[in-house]
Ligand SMILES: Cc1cc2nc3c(=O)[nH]c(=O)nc-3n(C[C@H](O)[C@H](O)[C@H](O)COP(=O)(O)OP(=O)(O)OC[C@H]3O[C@@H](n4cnc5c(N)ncnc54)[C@H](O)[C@@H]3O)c2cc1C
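Next comes just one chain, in structure tokens: the form predicted on its own.
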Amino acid sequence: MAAKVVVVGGGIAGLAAAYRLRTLHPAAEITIIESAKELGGKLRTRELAGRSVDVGAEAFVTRNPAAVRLVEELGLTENLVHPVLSAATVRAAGRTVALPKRTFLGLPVSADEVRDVLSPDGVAKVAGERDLPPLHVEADPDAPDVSVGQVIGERFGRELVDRLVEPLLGGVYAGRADMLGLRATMAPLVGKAQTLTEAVGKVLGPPRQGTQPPVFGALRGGMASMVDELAKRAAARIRLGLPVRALTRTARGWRLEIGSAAAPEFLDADAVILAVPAPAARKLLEDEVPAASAAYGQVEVASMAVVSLALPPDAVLPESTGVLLAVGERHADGTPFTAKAFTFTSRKWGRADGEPVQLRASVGRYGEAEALQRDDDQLVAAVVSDLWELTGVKIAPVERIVTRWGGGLPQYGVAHTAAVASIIDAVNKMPGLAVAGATLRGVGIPATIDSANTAASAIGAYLTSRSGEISAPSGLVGD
């Protein structure tokens, strides 16, 4: 009898893991259980003013080739697109200026890169970093990490943290620089050199001549095409709208309790891949893998919202891909901005003549729940006011979509790398169990795909090792 595998979670991690496992074990019976009413997780495409737009993750970095490779493998290369404009800006000290190009998450290769963003004193602080005593941050994941805000504030100055580093990290994690770990979020810099300036130079390398390769990729028509193709290729039984309430180890594998508490079902499996956010993983592993559960419990999560807007076709946005907002930026009347960033979608990806102008705003950082407590109308009104202040564009949207991501972004804090090491160590000791998702290897699409491939490979190897044992009937059983 074919091996039975259950993938818990139908986001990009679960779908990619199910697909990869299908390529490794074509005869396996794979079931995907997703608590929501649709697949995709943070990949969600909706129609706005007649055009498909992504209201979750809208793009992926190409530096990690995992997403591009998967797009090619799925036969979606013709849909792969790259930005038609690369000119981001940042609002700092009441001015909107070009985002420095030669930086790594806001850390510059030289003080010259940040002269337009920082004050003269701030520039001088950056210039002096290379003369400071050597920085020591251990690469060992079990060693204590250090706060991004603390280390960079001490070495480069607080201005750089507030005006560049936190806006950039906020776009990735919706987090605060003082709470995020340096090794967890900027691992390529650790152990590269004795100063951060030198480390950034080594990571970025010498300036490239000629046409630069695209930094970002996306899919024409939205990320839904990747979701749909993964679901098709995985050839899995898909069950939507069903929470997994418990996970129990049995003599032959695993048993999952799914559905409502009043009328639960029990599903037996030879192996399980958990591809769920940290809070759900903590709960499901509490009894059988308490060490992993405790480590997942150390991972905080942040909530955010994406406000997608369509403006009339004659609206004119600035010639940039968008604007990040530095910490503490305010309107002229002293009112704080609601948005933390705008993406001028039509500028970044292009649009046909006569189409509405598309853009989106990101709202919410870790510890800032008050902005997200507003209703949709209030949130849209605040974002439109922000747009007017930042760009001078005062035009009512013709359509809008507000998408709220509650607890959607794991925070890579100072204890994160140690927590992940504990999770992996504990799970690896449990036969037929693997984990995947944004908590582990990074929050972006490529890193999440990497975690899915790793989980699928582990379960594939496990199934191969016990292929002669998997013969007893299993499946849905009664209470």
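Heads up: residue numbers just count along the shown sequence, starting at 1. Predicted model, so just to flag it, every value in this text is computed and none were measured.
FYI, the form predicted in complex with this ligand isn't displayed, but the following is about it.
- Heavy atoms of no residue among Val126, Pro167 and Pro336 are located within 4.5 Å of this ligand in the predicted complex.
- This chain is displayed without this ligand, yet in the predicted complex the stretch 445 to 453 from 22 to 30, 45 to 53, 445 to 453, 425 to 433 comes within 4.5 Å of it by heavy atoms.
- The shortest heavy atom separation between Ala36 and this ligand in the predicted complex is within 4.5 Å.
- Contact check for Ile273: every heavy atom lies farther than 4.5 Å from this ligand in the predicted complex.
- Taking the partner from elsewhere, Ala59 is found to have a heavy atom lying within 4.5 Å of this ligand in the predicted complex.
- Under a 4.5 angstroms non-hydrogen atom cutoff, this ligand in the predicted complex lacks Val200 among its neighbouring residues.
- Distance criterion of 4.5 Å from any heavy atom to this ligand in the predicted complex singles out Trp405 from the list Trp254, Tyr366, Trp405, Phe104.
- For the options Ala371, Val244, Ala88, Met179, the residue carrying a heavy atom within 4.5 angstroms of this ligand in the predicted complex is Val244.
- For the partner-free chain shown, Pro277, Ala280, Leu284, Met304, Val306 of 277 to 307 come within 4.5 angstroms of this ligand in the predicted complex, judged by any non-hydrogen atom.
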